[in-house]
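Okay, here we've got a single chain as structure tokens, the form predicted on its own, with questions on binding and movement later.
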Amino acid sequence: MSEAAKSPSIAFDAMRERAAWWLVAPSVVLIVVLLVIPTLAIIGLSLTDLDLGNPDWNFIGVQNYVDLASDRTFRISIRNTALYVAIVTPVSVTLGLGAAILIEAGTELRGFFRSAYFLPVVSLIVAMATVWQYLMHPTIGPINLLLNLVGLPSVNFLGSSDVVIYGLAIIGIWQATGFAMVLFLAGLSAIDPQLYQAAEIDGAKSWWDRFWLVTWPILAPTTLFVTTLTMINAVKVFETVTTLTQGGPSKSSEVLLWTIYEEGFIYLHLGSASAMAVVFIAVLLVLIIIQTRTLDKRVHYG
């Protein structure tokens, strides 16, 4: 091809490249302003002993991170957050999958049940936390009244250090199940019905056999995606703790985000709060990387 013929093509490619950069520029600017710069600022603050309102501060390197290793409250918050995630994630994913299968199998009131299960996701959790506070009340709460009817003792779900994290987990499961259900419904709708017919011909007569032979293998990537998102959302638990327990009693419901909030906005220790926030961001990044690499492996190796 002659140089004269190449020139219009090169000019057109350059024009398309410039147009592409102009199109992505607003998104890049927003990402830098809203994500990159704040993250770098937090990392920078975590290397200082800055206290809000105190003009005197010093660069102390990684000392805040060293102190976190021996911080009893921080260790408690990590343990409580891990326990909360370990309860909420498997239960809500399992219930979400079960609800999605039942809704997809039904023909009547399908839209109603979809809305009913998804309602907790779009509800204002601060307002609903007040409702749960009444439901779990140790004397007049309907949950304890039902327990008493069947001969079981009342449980102080939000006031006992032994069970408060489980009470918060019940609220978390209630909120997360609908989200998992919607994602599983999307995965179920993509399964070709002919696969179930082929499975029946091959001898899969019961719904259990069809589930293990067809539904579960196809839903495996969706399940991984739902599990990871549920874990990330569970790690970010904050509103229910703030509204109902504020970390009590005796720090038994102290979770990571509440500890960060308390350290930064109540005690005004911005340096150590920033170090906790960096640890929190690192936990989220690890979860995201695990999900991404696992999904990539499934795509490349089937």
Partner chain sequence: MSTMISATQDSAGVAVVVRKRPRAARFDELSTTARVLRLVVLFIGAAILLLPYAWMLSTSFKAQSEVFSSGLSLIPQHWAIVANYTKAFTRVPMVQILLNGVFVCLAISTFQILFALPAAYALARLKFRGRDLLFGCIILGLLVPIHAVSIPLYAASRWLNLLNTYAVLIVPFTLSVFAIFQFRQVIKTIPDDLIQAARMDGMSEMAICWRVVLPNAWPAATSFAIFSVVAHWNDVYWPQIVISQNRLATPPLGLLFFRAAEAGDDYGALMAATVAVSAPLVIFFLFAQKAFIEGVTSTGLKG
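Positions refer to the first chain, counted from 1. Heads up, when I say rigid core I mean the largest set of C-alphas that superpose within 1.5 Å between the two forms. The structure displayed is predicted, hence computed values, not measured ones.
From this point on, the text means the form predicted together with its partner chain, which you will not see here.
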property: Residue (of Ile78, Leu188, Val155, Met128) lying close to its partner chain in the predicted bound form, criterion heavy atoms within 4.5 Å; result: Met128
property: 4.5 Å heavy atom contact, Tyr84 to its partner chain in the predicted bound form; result: no
property: Heavy atom of Asn54 within 4.5 Å of its partner chain in the predicted bound form; result: no
property: 4.5 Å heavy atom contact, Ser274 to its partner chain in the predicted bound form; result: yes
property: Partner contact for Ile165 in the predicted bound form: its partner chain, 4.5 angstroms, heavy atom; result: no
property: Residues within 4.5 Å of its partner chain in the predicted bound form, restricted to 182 to 221 and counted by heavy atom; result: Val182, Leu183, Ala186, Tyr196, Gln197, Glu200, Arg210
property: Residue shift check between this form and the one not shown, rigid core fit, Ala20 Cα at least 2 Å; result: yes
